[in-house]
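Listed next as structure tokens is one chain, alone, in the form predicted alone.
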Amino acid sequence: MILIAIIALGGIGVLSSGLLYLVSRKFEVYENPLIAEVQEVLPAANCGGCGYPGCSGFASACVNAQALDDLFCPVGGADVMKKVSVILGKEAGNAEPKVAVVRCNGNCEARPHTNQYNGVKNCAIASSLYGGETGCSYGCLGYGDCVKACGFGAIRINLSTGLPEVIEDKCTSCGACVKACPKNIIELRRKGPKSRRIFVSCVNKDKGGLARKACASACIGCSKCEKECPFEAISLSSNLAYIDYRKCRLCRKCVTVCPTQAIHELNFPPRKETN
């Protein structure tokens, strides 16, 4: 009886092994070894800024793509993409470096508080409950969801203004802060030559009088900047001006005509004083 049991168990073991082998062969997933090579040169940030679920997904997309023109690692930048192109024998595209910008200029002085929020200090939660502690329902709430979302320490809340600030040298344009902001005041824009940028630091779509009453620094939709721009880079929609960085030539004419200083110029040399 013992011998029969041993033979039976052995037979079952052999049969199970055979079945497992056949199943593994049937459902075997082949992974191109180039994927591992590409992933090795990626920064392993797994931020999702490339549009894929982590560095592994991005590496797989690079290997399977016909060309790398539409693929870019925002953390590694051009240097990493050159390494990827060497591994795959594909030419890398020339993506323009981008950086996050905060499109809200409503500091405590320009946008005074009208009430006090006593709930959880979380932008997503507060935004779902009401418009905010000021008269502007479009502006920054200041509870730091963007700061928590950034894995590179590239954004912080300025305690004097209550607004987030981007540390350009640390920003990788991964877009995590953009996704985290429920008010949609953070945007990825072209870094620009010598890191110079011009943009409308406001997202308020109310009519001029209401916008100005809620925030002294709001865009009032006066269209002066649109008329002043010689390159047709500025458009006006829903009482709000927007500067297309692809058309902007950084002449700064729009900055000087804005009556509320809602248009920001970053990293430019001081203007020459005119007598």
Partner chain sequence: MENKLIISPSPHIHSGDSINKNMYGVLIALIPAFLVSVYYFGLGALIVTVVSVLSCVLFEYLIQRFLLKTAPSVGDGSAVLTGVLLAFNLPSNLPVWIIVIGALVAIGIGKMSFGGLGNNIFNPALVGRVFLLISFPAPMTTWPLPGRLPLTYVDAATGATSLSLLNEGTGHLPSCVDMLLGNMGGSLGEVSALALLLGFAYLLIRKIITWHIPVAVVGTLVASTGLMHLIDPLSYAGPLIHLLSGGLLLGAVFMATDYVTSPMSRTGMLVYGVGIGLLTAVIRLFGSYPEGVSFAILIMNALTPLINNYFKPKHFGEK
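Numbering follows the first chain given and starts at 1. None of these values were measured; they are calculated from a predicted model.
What follows is about the form predicted together with the partner chain, which we do not show.
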query = Here the chain is shown alone; which of R156, H113, R196, K170 has a heavy atom within 4.5 Å of the partner chain in the predicted complex?
reply = H113
request  = Counting only non-hydrogen atoms, choose the one of 184 to 192, 84 to 92, 156 to 164, 117 to 125 that falls within 4.5 Å of the partner chain in the predicted complex.
outcome  = 117 to 125
query = Does F152 reach the partner chain in the predicted complex if we count a contact as any heavy atom within 4.5 Å?
reply = no
ask   = Which residues from 128 to 142 come close to the partner chain in the predicted complex, meaning a heavy atom within 4.5 Å?
value = L129, Y130
